[in-house]
Ligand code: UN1
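Quick heads-up: it's one chain on its own, the form predicted alone, in structure tokens.
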Amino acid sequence: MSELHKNLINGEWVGTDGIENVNPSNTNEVVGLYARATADETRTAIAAARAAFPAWSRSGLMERWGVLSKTAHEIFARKEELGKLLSREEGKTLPEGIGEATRAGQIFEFFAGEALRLSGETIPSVRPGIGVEITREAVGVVGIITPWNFPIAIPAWKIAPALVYGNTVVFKPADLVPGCSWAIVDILHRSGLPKGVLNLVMGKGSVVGQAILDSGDVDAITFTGSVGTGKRVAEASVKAMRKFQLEMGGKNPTVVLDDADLKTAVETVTQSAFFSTGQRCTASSRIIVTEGIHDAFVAALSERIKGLKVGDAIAQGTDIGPVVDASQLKQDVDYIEIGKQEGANLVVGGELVHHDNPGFFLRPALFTEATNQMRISREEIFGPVASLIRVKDYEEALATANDTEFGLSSGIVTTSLKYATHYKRNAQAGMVMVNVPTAGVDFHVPFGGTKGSSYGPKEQGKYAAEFFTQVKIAYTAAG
């Protein structure tokens, strides 16, 4: 029996019952045993965060810098180990897993620096002899709820700013992938955080997540996950009059114009649609292609897809790892059948891939002759399934790209400065990519979308302060 990885509540590791974390590349392999918190334990964690807030919110800048800096250095030192853990529990290929672990270290390193870059304003009042100070203060107890598809990067980009700006945290990772989250919390705990400042409560959303939503002692919630759950977070937060931030779904387009470099177009779409098994909110699952390049692009992209190696996430040479679990695999397969029934043409992929060890392997699927009204073109599949839509020209491509309830990421492949410039201005998305994949952003740059994809301030970079702090204004009369 594996050692039980416990929850961290008020500086103590607690928990008795656990659930097995299974490797999607080999379901016979148990990655680890992880505790599940109860509703009572979650409420205890919230109380601990509330008690720790006054001291931590007034802690010295060097103390916060030291904790985050130590955390960053340990993550960098252990990036191969943490990357392998990530690949074993979530299914990203090993290079992707190590890359994500490295990014987590970069995020903590960046926000360690933010501790020393905190600033405010001093301005004169319109009234003589009075000065005005504008500063930022911590919000309070922050509930952090993260998804399974980026099990180390997303926790990092929420926890790091929450802590550096003086908040205390109750953190619930996705129940499907607790390993990386536990490792991050363990590192932070050993880096010198006072008890109660960071609390880890692993477990079911219906138990742990609901206890966080129901608590009147949680001042803010930052959530990344499904649209349905995001709406529940919003409803509960409005009722409680708390601050909330949502990152939810996407149905991201990539437009390929006639003037595009074919090799660039194929590689951009392959990376956008299929890498990380398509399990990214920024993945491009709608490929909108103008008539002049359509046939050559379909032929070249089909050959590129056929050459992708689907296999064990940690095996050398694997391009596409497994789908995360049986439920997600069923959803992917169901949508492939829906696409066929809707009249789209499955030109390549879509079949299960079998290996010596049992796992959730699916060959990337590409549909052509799709329309933007089909379910496969409107609903988020969250797997390696893309629909290709033929359009007449740039104007139709832009209209089709914007015809979605989502607005996270939007891409275009073109050699035209005119069209690139126009698309950047007129694409209805929070992030626009020109000749680069829709999936892939920098750790020091804001992240977030528009329309049904996101709500609230952007995440990451210096813009994280908009959510994790509140503005205070102080007037002082001279003398």
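From 1 onward, residues are counted along the sequence shown. These figures come from a predicted structure and were not determined experimentally.
One more form of this protein should be noted, the form predicted together with 2-aminohexanedioic acid, which is absent from this view; the next part is about it.
Contact with 2-aminohexanedioic acid, judged by heavy atoms within 4.5 Å in the model of the complex, is confined among 281 to 289, 109 to 117, 199 to 207, 351 to 359 to 281 to 289. When 2-aminohexanedioic acid is considered in the model of the complex, Y335 lies well away from it, no heavy atom lying within 4.5 Å.
Contact check for A439: a non-hydrogen atom falls within 4.5 Å of 2-aminohexanedioic acid in the model of the complex.
Interface residue remark: K251 is not counted as part of the site for 2-aminohexanedioic acid in the model of the complex, having no heavy atom within 4.5 Å. The closest heavy atom approach of W157 to 2-aminohexanedioic acid in the model of the complex falls within 4.5 Å. Of the residues T318, N149, S237, S215, just one reaches 2-aminohexanedioic acid in the model of the complex with a heavy atom at 4.5 Å or closer; this is N149. Between 2-aminohexanedioic acid and the residues T224, Q328, T404, T268, the one pair within 4.5 Å by heavy atoms in the model of the complex involves T224.
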